[in-house]
Every structure is written in structure tokens, then in C-alpha cells.
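Listed next as C-alpha cells is one chain, alone, in the form predicted alone.
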């Protein structure tokens, strides 16, 4: 019998499309229901109900009724970024362990609120990240074994190769960043410094084993008309001075279907007193030569021009990129397994809620830096 009853908060066109299958296929788990807050727009509640139907489980309209169920031990939370502070807090207060979508929240205050509630309730929580990927585990091993000597710097990239690039209009002037963005959820695009940058920031700080003390960042619009119309960035860079003297740099962005032979550039570079090492999710890999037609950019889905969601991409059916096949490929299931292992051992996840708060502190400081053009100190 499955040890963990799982409640899913969210629906299609969120990362719950993948997380749900990860929990459903683990023999330790049983997906009990999909739920969310009452009074949501029809668009969001309809997508939530659609996922519940696909999974063959009930949809519960309202969190209180769902969280009162004693057959639910774990919540996988993919509420809109703007709602994550209050939704995750309610889950923790109900005594449920939480698997948290990235980013943790859209403000430092909401992130701290989540971590405080998790600690007060003595539940376990983990934010999704790449640290359980094989290439990042190899990088961690190299740091621990001193393969580059004393670590001086870490660089991390997360650049997603999806969307139709080359459509951003050239204006001849640099876009002005907002110091405190207040909206994160859009249908057609995302703020990529937050959405992709959280992966690279969390990786760099995890490998360096230190917190950031100051941040300098830039944001830009290089690739997509969708981002330009919304006045949100499609690319960002962050330089961090860390408390232990190490320097860390990170990129986060979306760079288009044809920019990479696989899903995009996920890379870690370690620099130390004895040299440098590079790790990517695509190495080692096999190059395939065949008469299969080369990749072509798929049609643009009107509700998903950036190709963010598997449910919409099933409709346009992009041709798979099969010319470059990694030997080891990281999946969301690997991170979910690591979380379930922590539940089984009752041990604190490495990417827990409190650790993840600092990543939001860094990224919010990065927006202020990009807006001012100056470094920002993190208190």
C-alpha cells in the first residue's frame, strides 16, 4: 500500500503536468485529488479540472476541504506565483509536507512566510531544482574532492531552447527594468530572470556552499516579441559576491528552439586554484547520424507561444531533437524521488524552504540592481 497520499494544487499549463506524473508513478505514493483556491478565474479552474480528469481523480474546489482530509500527507503545490505565499502557508499549517514548484514565491516576504510556516509546523518541504541531476551531482563531487583546488568561482547557465526567436523588435534603446515587479503570471511568456534564473542561482549557491552578500544584474529583451509586448525580460545575468569570498555568476533566459541541439544550455563551470571544470546536462552524449528529417520549428500555439507546457505542445507536435542524445538525462521524477527519500528518512531536503528563501532574496535584489544599474547589498 502506498505510504503517501498526495494532493495536487494547480493544473494543466503549470509544472504540475510533469510533477503529477512523477508522484503518480512512484510506488510510495497515491494521488488523491487535485485542488485549488475557490473563486479562481474560469481559465485557471478549468485547467485544474482538466488535469484532474486526465489523472482520474476528483477536483476539490477550495483548499480548506482538501487540506482537512486525513488521507493526504503530501501536497505538490503549483499555484500561480502571486498566490504561493498564502497557499503554501495554509498547506504547512494543515500539517502537510510540501513539494514546492520553483520559484518559491514572487516576493521575499512571501518566501519567508512559507519557510516560517514550514518550520513552525515541523513539516518537510522541498523546492524543485536541478541539484539532483547527474551533471550537478558530478559538479558537487568535484567541489568536495577538490578537483579544481580551492574554489574561487562558480558559473551556472539555464537557457531554455524553446519559443520562436528573432521576433523581438529592435528599438535602438535598452528596456528599463522595474525595481519591484508585482506580476509574474502571464499566458504567453514569463519573467525569465525569475523563472529560469532561479535554477542557475540555486545551483551556483548550492555548489559554492555560501550565501550572496551583494548582487549586480542586467536584464534585456533579445529574442521574443511576446516578452517585449509584456515589457518583461527574456534574458538576465547575475553576478554575486558571496560571504565566503567566492564569486558566482548565473544566467537565466529563453533563447529559441534552434539555439541548442536539445532542450537548452544547462551548464556549470567551476574555477579554482588548480584549474577549471565544466559540467552540462548534455555530456556525455551520443551524436546520431540518420536519414531522419532535421528539426524544424513547430507552429506557434496561440495559448503557448513559448512552448512551456506539454499539454499544449501535444497539439502542435514538435518534431523531437534526436541528433544529440545524452547518456544520462535528468527528469523531474529524480527530484521527486529525492524528496520522497527525505520523507522516508525524516531528513531535511537540501533545497528546503529556508534555503530557497535566499534565492528569492538574490533574484529580487537582482531586479533592483538591473533597474538602477548598480550593485545591491543583501542584508
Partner chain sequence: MQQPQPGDTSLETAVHTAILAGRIGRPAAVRWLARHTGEDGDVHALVRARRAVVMWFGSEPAGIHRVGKPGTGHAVETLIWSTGEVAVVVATPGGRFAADDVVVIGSRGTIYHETPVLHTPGAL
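Residue numbers count along the first chain shown, from 1. Note that this is a predicted model, so its numbers are computed, not measured.
Below, we turn to the form predicted together with the partner chain, even though it does not appear here.
Annotated contacts: 130, 211 and 351 are all free of the partner chain in the model of the complex [non-hydrogen atom within 4.5 angstroms]. Site annotation in the model of the complex: the residue of 229, 140, 260, 86 reaching within 4.5 Å of the partner chain with a heavy atom is 260. Interface residue among 113, 190, 267, 162, judged by heavy atoms within 4.5 Å of the partner chain in the model of the complex: 267.
When the partner chain is considered in the model of the complex, residue 5 lies well away from it, no heavy atom lying within 4.5 Å.
The shortest heavy atom separation between residue 180 and the partner chain in the model of the complex exceeds 4.5 Å.
Not displayed here, the partner chain is approached by residue 276 to within 4.5 Å at the level of heavy atoms in the model of the complex. For the chain shown alone, residue 153 is a contact residue for the partner chain in the model of the complex, at least one non-hydrogen atom being within 4.5 angstroms. Of the candidate stretches 76-84, 168-176, 89-97, 121-129, only 168-176 contains residues with a heavy atom within 4.5 Å of the partner chain in the model of the complex. Residues from 235-254 that approach the partner chain in the model of the complex with a non-hydrogen atom closer than or equal to 4.5 Å are 235, 237, 239, 241, 245, 247, 249, 250, 251, in the order they occur in the chain.
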